[in-house]
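Next up: a single chain in structure tokens, the form predicted alone.
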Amino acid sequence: MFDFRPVGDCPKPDAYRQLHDAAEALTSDEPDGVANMANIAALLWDFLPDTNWTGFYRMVGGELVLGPFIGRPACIRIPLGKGVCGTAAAEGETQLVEDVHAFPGHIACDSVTNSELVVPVLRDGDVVAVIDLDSPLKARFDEDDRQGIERLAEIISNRI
């Protein structure tokens, strides 16, 4: 099958290029969005150290509904504007949160999460999903992560 783990100890931009190539290879010919989200969640889990949850929330009927993920059980439905995911979806903007406990209205689905990166997936200007990354470390995610996951969202926007 495939072995899509990052090669060696490479800088983050190089690791993200490898992640993008892997996502491209796995999703380019697959029309099933759920299958593509499942594989992307697994890639993120393999590629990103110090994460405790990697996955998707899908926009369904005006709210976010849990999609494929790797990690502990999660909140099933998130209203727009609530928590980090709901804020990202409502504003259509990435949320890079160094300390989730300081984020107004944070929804604690997993008490060990301390930082979060949520990137909206846009199709024709509309949010169709969000990519949600959680970490037990404070300030785990940085600008390289933001840029890498935003590029991933662009790559998969028409494949999920």
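From a predicted model like this one, the values you see are computed outputs, not experimental measurements. So that there is no doubt, residue numbering starts at 1 and follows the sequence shown.
Another form exists, predicted in complex with ligand SME; not displayed. Remarks below refer to it.
Trainee: Exactly one stretch in 36-44, 49-57, 121-129, 23-31 has heavy atoms within 4.5 Å of ligand SME in the model of the complex; which is it?
Mentor: The contacting stretch is 49-57.
Trainee: Checking a candidate spot here: are 96, 137 and 145 all in contact with ligand SME in the model of the complex (at least one heavy atom each within 4.5 Å)?
Mentor: None of them does, since no heavy atom lies within 4.5 Å of the partner.
Trainee: Can any non-hydrogen atom of residue 84 be found within 4.5 angstroms of ligand SME in the model of the complex?
Mentor: Although ligand SME is absent here, residue 84 would touch it in the model of the complex, with heavy atoms inside 4.5 Å.
Trainee: Please determine whether residue 107 contacts ligand SME in the model of the complex, using a 4.5 Å cut-off between heavy atoms.
Mentor: Output for residue 107 is yes: heavy atoms within 4.5 Å of ligand SME.
Trainee: Please determine whether residue 80 contacts ligand SME in the model of the complex, using a 4.5 Å cut-off between heavy atoms.
Mentor: Judged by the heavy-atom cut-off of 4.5 Å, residue 80 is well away from ligand SME in the model of the complex.
Trainee: Answer for residue 90 alone: is it within 4.5 Å of ligand SME in the model of the complex, judged on heavy atom distances?
Mentor: Result no; residue 90 lies far from ligand SME in the model of the complex.
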